[in-house]
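Structure 1 and structure 2 below are the same protein chain in two forms, each given by itself as structure tokens.
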Structure 1
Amino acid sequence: MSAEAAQLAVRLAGVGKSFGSTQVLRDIDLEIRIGEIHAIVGENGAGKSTTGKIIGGYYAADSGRIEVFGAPVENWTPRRALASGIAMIHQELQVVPELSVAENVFLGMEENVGGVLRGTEVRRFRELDQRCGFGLDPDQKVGALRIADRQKVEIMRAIARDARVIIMDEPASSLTADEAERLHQVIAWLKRGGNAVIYVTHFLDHVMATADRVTVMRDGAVVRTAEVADETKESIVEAMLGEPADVAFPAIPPVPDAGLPPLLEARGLVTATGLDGVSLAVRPGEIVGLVGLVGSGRSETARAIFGADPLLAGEIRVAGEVYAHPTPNNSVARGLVLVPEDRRKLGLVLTQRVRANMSLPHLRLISRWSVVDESKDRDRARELIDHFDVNPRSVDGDIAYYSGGNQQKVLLGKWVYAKPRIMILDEPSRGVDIGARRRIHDFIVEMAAGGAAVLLISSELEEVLGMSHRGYLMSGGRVVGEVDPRASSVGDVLRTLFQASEAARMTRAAS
């Protein structure tokens, strides 16, 4: 073994991979050094997850060589990879909803075999939790957790395995800025301990802030590996797309006339999910952001308006009329849709084709005499595929084999298939690449310009501020203020949010 090879945690040389007749990886050379944070970036479908899964032993490479800590590997499996110190956090979270947080974290580890050693487990969980600072309750059922928290469970699980190489495939896709910051501290700590972290992400800010080196992939090949210090966000995007790209937000339409009556109104919404009197209004043509920390009630507000969670008190009005019994079906019939945060859970039928996934909830709209108008359906599906840049571009594609980001795009297509007049978007650009993100933003602008009322939720403050006419600040299940995105910086808003959540905590403590 050469001195240089000894410094490498993982080395791929000339690795190729095909699924059926489609070659998804070509001649991949990748070197992961011991003690480095190595980002992998690229558009949806570029081959990032496939590369990660080959390193983690989930897929076998068709060609090329893999070396781990200098030694070539054969018949690589997840079990062998783990035994060699390689763990993977999957893009499609693999938690078991029926089990508790602690059970998921230690799942399959030796201590659990033949009965759980509660004492040791609890102590180990505390240590891990202190290390990660996520503040999860070990006894909570994972099925009841929001996605961000499920993502934290996955992260803790990888760390609990004492891996020396951790592949993180989009670990921060649903974390807030604050939580992502904590994840980065964990990553920095792993690095200090001499571990290697392979960090697959669409957040180029994270790459710039945390990674040592970055590998850019395009169309199943490596474009280049470079020191992050030698790159800029723009240079990385250019390498990803093969051309210069605009990373800014599109211009949003002019603020609609303040005299227009609201298209969507909520008054004093109270729910068992924690809403404590939420009132808001959105006029036609208006894009309104819900701004808040995780747990502030943003997604809960979206769900209550859509009828996904029952109202205990309060009233919703659509175009001035009381909307008495909100249910998802009634909402869709009124042209009110929610693109939910957890699109996968609420979402795809993996045994179906792309087109069926998009039109399934809307069959009434495209059927005449209860026969589905197939050509109309195909046209609309094709339109949406173009619109969101779904790849592969086929309406008959088998959704189970689409990359994570491309599944997200299909799901988005499903919810906007019927051209809603009120659209609630919860984390719409999560997990999609920079090109698709821009298309989603353009789509929001287009909908608003056409008179739709848009309620936008995003953990990325830049996105809410960049894309909204107006924002409501939420904290503790209430609307605690408004922001004018043009007059406020991300820093201002964050400060206000932390003050508001602190104030809410004091009020709760006092009562």
Structure 2
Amino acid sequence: MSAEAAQLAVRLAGVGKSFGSTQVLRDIDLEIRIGEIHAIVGENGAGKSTTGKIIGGYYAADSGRIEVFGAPVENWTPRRALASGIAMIHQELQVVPELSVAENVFLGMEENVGGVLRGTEVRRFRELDQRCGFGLDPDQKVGALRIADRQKVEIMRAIARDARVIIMDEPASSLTADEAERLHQVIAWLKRGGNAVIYVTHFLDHVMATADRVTVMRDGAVVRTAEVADETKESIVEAMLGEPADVAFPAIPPVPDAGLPPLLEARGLVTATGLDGVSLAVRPGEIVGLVGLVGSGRSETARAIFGADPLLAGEIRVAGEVYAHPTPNNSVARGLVLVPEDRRKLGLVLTQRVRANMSLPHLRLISRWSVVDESKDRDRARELIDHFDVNPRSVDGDIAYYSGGNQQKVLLGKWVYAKPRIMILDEPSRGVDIGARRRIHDFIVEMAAGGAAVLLISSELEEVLGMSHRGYLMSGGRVVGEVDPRASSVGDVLRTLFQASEAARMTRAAS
């Protein structure tokens, strides 16, 4: 073995992969060095996650050769990959909701004597958490955790297995800026220990700040691999898209007339999920951001307005009329829709095809005597696929195998199907690449320009401030202020939120 080969953790040579008649990878050549952080970037559908899954043993390559620490591998599976020191953290989390945090982290690694479990997971967890610093409760059921905390469980599980190569597929997609910084500290710690980290991401700022090298993919092929020090954010985007980069937010419509009555209004909403008197209003043509730290009540506000969570007190008005006893079905009938933060769990039916996912809430519009008009269904699906640039472009595509960005476009198509007048968007660009993100931002502007009221929720403060006319600040299930995005910086907003969070903590402690 040459000295150069001895420095390689993973090598792919001429790797190809197809799903049915769709070729997703073409002649992939890739080298991952021992002890490096290697980012893989590209638009959704470029093949970056598929490449990661082939390295992790979840997909079998149709052609080409794979080498791990200098040795060729065959019949590669996740179990064999793990035994060889390769672990993968998936974008769509692989956790057992009914088990505790500690049980998930050490699943399959439980200590036992004669087949009897010793119950040492909590102690081992606390030792591991001293290194990671995530501060999770080892006894908490994972099903009760937010997405961000479930992501941490996945990261700890890989670290617990002493993997020498860790593939992270969009690990920061659900994390706040502070949590992402903690993640990057863990990644740096892994690198110092001689581990290789394959970092599949759409956050180019994270790539520039964290990675040693970056591989850019487009249309199932490698465009180039380069030292991050030799790249800029703009040069990477241009390589991803195959055209000059434009990473700015689109111009939003003019601020609506302040005299217009609200199209959506919430007054003093209280729920069992933690809302404590939330009030807000959105006028026609207005994009209003809901800004807060994790646990502030943003998603809970969206679910209460949509009718997914019952109200204990308060009132919702739609176009000035009281909307009593909201439910998801009644909301859709009123033109009020919610794009949820977890597209796979709450937004899509992965066992159904693309057009079925789009038309499911709107069957009455394409049915006669309770029989679906297949022609109308296909025509509307084609319109939306073209409008959102969904790939593959088949109305009967198997959405379970679509990239995250294309799944998100289908989810948006589902809710724009009947041309709603009020849209609540909870993390609409989570886990998507810069191309899909740009299309989603254009869509938000289109909706507002057409007179819809848009309530935008995002963990990325830059996105909320860049896309909103106004913003409500939330903390502890309450609205604690209002912000003018044109006159506020991210730092200003964060300071206000941290101050509100600390004040709420002190109030709870005193009561």
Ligand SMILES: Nc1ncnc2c1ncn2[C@@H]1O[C@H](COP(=O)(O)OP(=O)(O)OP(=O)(O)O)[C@@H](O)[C@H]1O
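Computed from a predicted model, the values in this text were never measured in an experiment. Just so we're on the same page, residue numbers count up from 1 along structure 1's sequence. What we label the rigid core is the largest C-alpha set whose atoms superpose within 1.5 Å from one form to the other.
For the form predicted alone, the corresponding chain is the one labelled structure 2. Once the cores line up, the CA of Asp379 ends up 2 angstroms or more apart between structures 1 and 2. In the core-superposed comparison between structures 1 and 2, the CA atom of Thr22 travels 2.5 Å.
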